[in-house]
Ligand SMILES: Cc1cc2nc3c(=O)[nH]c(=O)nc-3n(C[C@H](O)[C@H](O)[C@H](O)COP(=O)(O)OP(=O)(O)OC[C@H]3O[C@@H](n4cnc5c(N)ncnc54)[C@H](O)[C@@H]3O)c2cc1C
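In structure tokens, the next block holds one chain alone, the form predicted on its own.
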Amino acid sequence: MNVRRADVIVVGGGTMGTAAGWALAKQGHDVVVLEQFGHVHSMGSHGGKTRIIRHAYAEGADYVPLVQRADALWQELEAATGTNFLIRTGGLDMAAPGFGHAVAARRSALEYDLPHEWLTGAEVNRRWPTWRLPDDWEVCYSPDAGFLEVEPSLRALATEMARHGGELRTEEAVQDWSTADDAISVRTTRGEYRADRLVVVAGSWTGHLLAAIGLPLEVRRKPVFWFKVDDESRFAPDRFPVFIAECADGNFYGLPVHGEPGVKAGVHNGGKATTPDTIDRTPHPSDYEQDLAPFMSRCLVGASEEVVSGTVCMYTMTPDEHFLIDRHPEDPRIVFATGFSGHGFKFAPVIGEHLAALATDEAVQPYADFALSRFALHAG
């Protein structure tokens, strides 16, 4: 059997794997990215056509410099490939009285001097007549927010990776991997590979591939839906900002009509624990009837509870819902990234840069907020 030798093998060619391959190839490394499905697919965590990008980050101000760098890199990729996949719509971070999402978003905006406005629900209703919020809701409006189109953004990363000499091999599942003093070996359904470094970014399959570490991960089933509206022009990207809304009924998000009928919306919190091999991939009315659909029809003028289409993807969650990016505790030649907890896509190029640095420069340290040791410290 012929053995393909490389500087770095990346296991997983989804969002973060494509970004890692791009960053490594751009630095001049011989990199092979192995993906078990097609390059852009609906079997993992990047399904659903579009992803929100926002800068006033309610999950913590430390994310702001990362998303700013990611935003700049996405723009560079647009220019390099002659494509347009980052659409600015503005963004509404909203919260009912007693909930903290909007205040947390504003806190990040203030710390990093990001453009934003602090609004009431009544002010939102006047400015965007599609909304019918309670007057006393708190809202942080960010004009630079918007969304990324999944397929063209990942294609741009792959195109630039190939231009710099990186290799993406699809429909090639990893069966096992092993280490020796002189190399790391990876065996797939099609062949064998050896490299000096290994990057594992296999989404919801990462926990299985790194089972010996016992990573603190939970995979959740997450349905996404497109709701029928009476006038799609009123929900177009230039008239309807992306949104996140926190209230007693749940933590919801939504995006404008774009590329297919209906307003896209989902529930960020909750989700049934599952595995990538046993997940129910069929959307059901019970996934939206009790919470999401009533929110849409109650708070959006012209939106109905009727679903046009739906899909199911996965969140890979950490206990604190922050990312998990580190070197293998027993072999520093192995780097992994996982646990993006439903808010990782926008960061892909900057995470790719960080993974490339971790894999090739021993002096580079993992971000402390994302390191595996934080869980050991908490457990102690």
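What you see is a predicted model, and the numbers here were worked out from it, not measured in a lab. Throughout, we count residues from 1 along the sequence that is shown.
The form predicted together with the named molecule exists for this protein as well; it is not shown, and the discussion that follows is about that form.
In plain terms, the part of the chain that comes close to the named molecule in the predicted complex, with a heavy atom within 4.5 Å, is 205-213 out of 158-166, 233-241, 296-304, 205-213. The closest heavy atom approach of residue 199 to the named molecule in the predicted complex falls outside 4.5 Å.
Residue contact with the named molecule in the predicted complex: residue 9 places no heavy atom within 4.5 Å of it. The named molecule in the predicted complex is not approached by residue 319, whose heavy atoms all lie more than 4.5 angstroms from it. Interface membership of residue 78, defined by any non-hydrogen atom within 4.5 Å of the named molecule in the predicted complex, is ruled out. Within 4.5 Å of the named molecule in the predicted complex, a heavy atom is found for every one of 224, 342 and 346. Only one of 273, 103, 173, 72 lies close to the named molecule in the predicted complex, with a heavy atom inside 4.5 Å, and it is 173.
Residues 41, 44, 45, 46, 51, 52 are the members of 39-74 with a non-hydrogen atom no more than 4.5 angstroms from the named molecule in the predicted complex.
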